[in-house]
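Coming up is one lone chain in C-alpha cells, specifically the form predicted alone.
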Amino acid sequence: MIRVRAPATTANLGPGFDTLGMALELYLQVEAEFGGSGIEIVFSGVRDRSIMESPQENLLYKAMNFVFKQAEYRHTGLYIEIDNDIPIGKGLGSSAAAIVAGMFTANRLIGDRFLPAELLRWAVKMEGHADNIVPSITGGLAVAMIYAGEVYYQQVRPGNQLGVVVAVPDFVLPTEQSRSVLPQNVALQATVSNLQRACFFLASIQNGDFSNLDKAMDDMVYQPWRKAFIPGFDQVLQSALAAGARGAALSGAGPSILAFTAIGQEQDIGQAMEKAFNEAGVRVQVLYLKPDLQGVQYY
C-alpha cells in the first residue's frame, strides 16, 4: 500500500498573482495499491459532487492515469482511498493537492520511474498555473516562474513565528468564475505598485519583519475585481487588521480570506473575521493553521 499526503495551499498572497504560494498544514491523504479488477475509489472527509464522479472523471485519478500513460504502464486493477481535509472550491488549492497527490502516488506505485521535477512540470500543465502546485510539492512559501515553457521556483521558509487564520465562507467560488472578471490589460502604475509590494512581501517574510506586511499584501490589480463576489470582503479585511493581523488578502481565487498573525493572536483575529462575515450574511468556518514546510510526503 502506497501512502501519500499533499498539503493545501494559499496562492497570490495579495500582489503575487500566479507567482506566490504557501503550503498549509491541512492535507489530502491517499492510500493506493494495485489489485483486483477495475478501479475502486473510497472517499472520506471533505467532498463534493465532483469528487464522487466516476473514476475516469475524478481529478486525482486523472493525475494518476497521466503518469501511467507517460510510463506506458497498464494495470488490471487499482484500489484508492482518499481522505480529504481541504475545503473544495474555496481558494485553498484543493485541485492542486489532488493533482500532486495523484501523480506522486502513481509514480511510487510504478517504482519511481520519473523525477520529481518531471512530476512538477506535468502537474503545472494539468492545473494551468504554478502558484498552488509548486508549494504543494515543495512546502513553505514558493515563488514560481514560467520561462520559455519551463517551471522554475525558489523557496522561502516563513519561520515559526507566523500563524495563519483562514475564514472559509459557506459558498463555492469556482476559479473559472473568479478569473473571468480579471482585466486583460493592466496600467503601468498598478503593475509597478504590485511589483513593489510582491518584492516587499518576500523580503518581509525572509527577514521576519512583519511590521508593514499589511501594506505589501494590498493588491492593486486583481483583488479589487474579485472581491465583488464576496459579501463583506472589505469589512472582513479591516476587522482582521484591527484585531492585530499582520496582513490579510484573498486566498487564491477565493472566496476564503487569509490573515497572517503573530503566534497567540489567532483566536481574536479569527473571531473578528467571523463576526464581520456574519454581519454580511455569510456563515464561515474559521481554520487556525501554520505553514507546512514539508510539501508532498510519503508516509
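These numbers were taken from a predicted model, which means no experiment stands behind them. Numbering starts at 1 and runs along the sequence shown.
One more form of this protein should be noted, the form predicted together with a small molecule, which is absent from this view; the next part is about it.
K.L.:
Identify, from the list 227, 108, 121, 129, the residue with a heavy atom within 4.5 Å of the small molecule in the predicted bound form.
P.N.:
Checked against the cut-off, the match is 129.
K.L.:
From the list 179, 113, 157, 125, which entry has a heavy atom within 4.5 Å of the small molecule in the predicted bound form?
P.N.:
Result of the distance check: 179.
K.L.:
With the partner left out here, check for me: in the predicted bound form, does some heavy atom of residue 18 sit within 4.5 Å of the small molecule?
P.N.:
Result yes; residue 18 sits at the interface with the small molecule in the predicted bound form.
K.L.:
Hey, in the predicted bound form, does residue 175 get a heavy atom within 4.5 angstroms of the small molecule?
P.N.:
Answer yes; at least one heavy atom of residue 175 falls within 4.5 Å of the small molecule in the predicted bound form.
K.L.:
Looking in the predicted bound form, any heavy atom of residue 253 within 4.5 Å of the small molecule?
P.N.:
Within the cut-off, so yes.
K.L.:
Look up in the predicted bound form whether residue 11 has a non-hydrogen atom within 4.5 angstroms of the small molecule, and give yes or no.
P.N.:
Yes.
K.L.:
To test your reading of this chain, name the stretch in 204-212, 131-139, 187-195, 100-108 whose heavy atoms come within 4.5 Å of the small molecule in the predicted bound form.
P.N.:
After filtering at 4.5 Å, what remains is 131-139.
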